[in-house]
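A single chain comes next, written as structure tokens; it is the form predicted on its own.
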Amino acid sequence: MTTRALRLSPKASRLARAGRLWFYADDLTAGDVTPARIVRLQDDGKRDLGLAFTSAGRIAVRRCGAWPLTIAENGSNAGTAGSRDAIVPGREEFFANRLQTALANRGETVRIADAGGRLVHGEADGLPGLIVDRYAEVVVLQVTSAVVEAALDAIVPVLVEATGAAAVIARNDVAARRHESLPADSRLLHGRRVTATTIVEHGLRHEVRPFEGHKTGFYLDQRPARALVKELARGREVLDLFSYQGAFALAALAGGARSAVAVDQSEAALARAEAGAAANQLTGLTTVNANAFDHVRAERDREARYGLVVLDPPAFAKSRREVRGAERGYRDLNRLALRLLAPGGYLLTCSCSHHMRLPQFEEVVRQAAAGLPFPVVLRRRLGAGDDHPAVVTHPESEYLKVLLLQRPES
């Protein structure tokens, strides 16, 4: 164990006490962020703020929660004003503790053989820069922290022991790694190479391809929204825009939809949607290989009507600079989708841009509904499932916004 500490400026200290988790190099008044490591973090009065990861990247400090303090040699509590720096745990001890706590909080997701779910969700589990998803016998990691990257040899054995995983895969083909000077790659960390596996969600079988699918292989965060679509779909004609491999469309058909149209630009994803319908013995699926914006305009022009439209586009705002353009995109797309609703029809609309906060997204949707020849009612707000916890003072962790809107019958 070592006794390394960083100290925040007075302004940054106020933000830290209010719950901020990320800080930049100019927020520090003492200590060095290189090399990337686990440190104790202090406020401007030398009061302990718990542990943090450091980085030479854009985000220099990421807080990762409390750790039991030890008693300093002089008998005072370590980490308080005027004392020596508090003790930093060794990396094996730290990661074992954090991972075991996260896994204990996930319950059945760890135990059920064909389950899919998130096992570690970054800051909410005290492990900033680490995402861990489980797809049956496969565990997939996404790492965006240099501290975590350097500790994979301590992390992977804990995950294997807890889950019995046949394969542990790193899906590190994400742009965020550039900020930490980490290479973008996908590689096998443990076990045998598994190119496809199957999970069961709400009674439906979904094939997951961990080396090539979107994100870590599947959109696990939309589990609650898919359950709602299944609940609402009976007797309706459904349009699933930006469908990927058609998980919403399949949920709708399983819920008794008369038909479901899955629209995506990826032929490979649509082929998996068709294979998913066959595997689940579902009929009524049509796939359309098209740009969703073009398709929804064409449907508007032919005055098509649907009982349920699902609008789950990719993130339109990947930085603050892109938010204004994202607002226009969301507004136009939602207005077009709302025009496709039959009386009594529903629109399930989503944003996964963490730079687009919920009040802002709702305002864009209100603007999209303004001027339509019928009212639009907000029926429900949803987010990611319980396995994607959010830190309330860290809005970046609550990235998924889902609104259920309805055009009334009359």
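Everything numeric here is computed off the predicted structure, so don't read it as measured data. Residue positions are given as counts along the sequence shown, with the first one as 1.
Beyond the structure shown, there is the form predicted together with ligand SAH, which is absent from this document and is the topic of what follows.
- The closest heavy atom approach of Asp264 to ligand SAH in the predicted complex falls within 4.5 Å.
- Contact annotation: Ala290 falls within 4.5 Å of ligand SAH in the predicted complex, judged by heavy atom distances.
- In the predicted complex, ligand SAH lies farther than 4.5 Å from every heavy atom of Tyr135.
- Using a 4.5 angstroms threshold between heavy atoms, Glu207 stays clear of ligand SAH in the predicted complex.
- The single contact residue among Gly329, Gly284, Gly90, Pro314, judged by any heavy atom lying within 4.5 Å of ligand SAH in the predicted complex, is Pro314.
- With the partner omitted from this view, the residue of Arg272, Arg236, His121, Arg226 that lies near ligand SAH in the predicted complex is Arg226 [heavy atom within 4.5 Å].
- Proximity of His214, Tyr219 and Tyr244 to ligand SAH in the predicted complex is complete: all three residues have a non-hydrogen atom within 4.5 angstroms.
- Heavy atoms within 4.5 Å of ligand SAH in the predicted complex map, among the stretches 274 to 282, 290 to 298, 109 to 117, 156 to 164, onto 290 to 298 alone.
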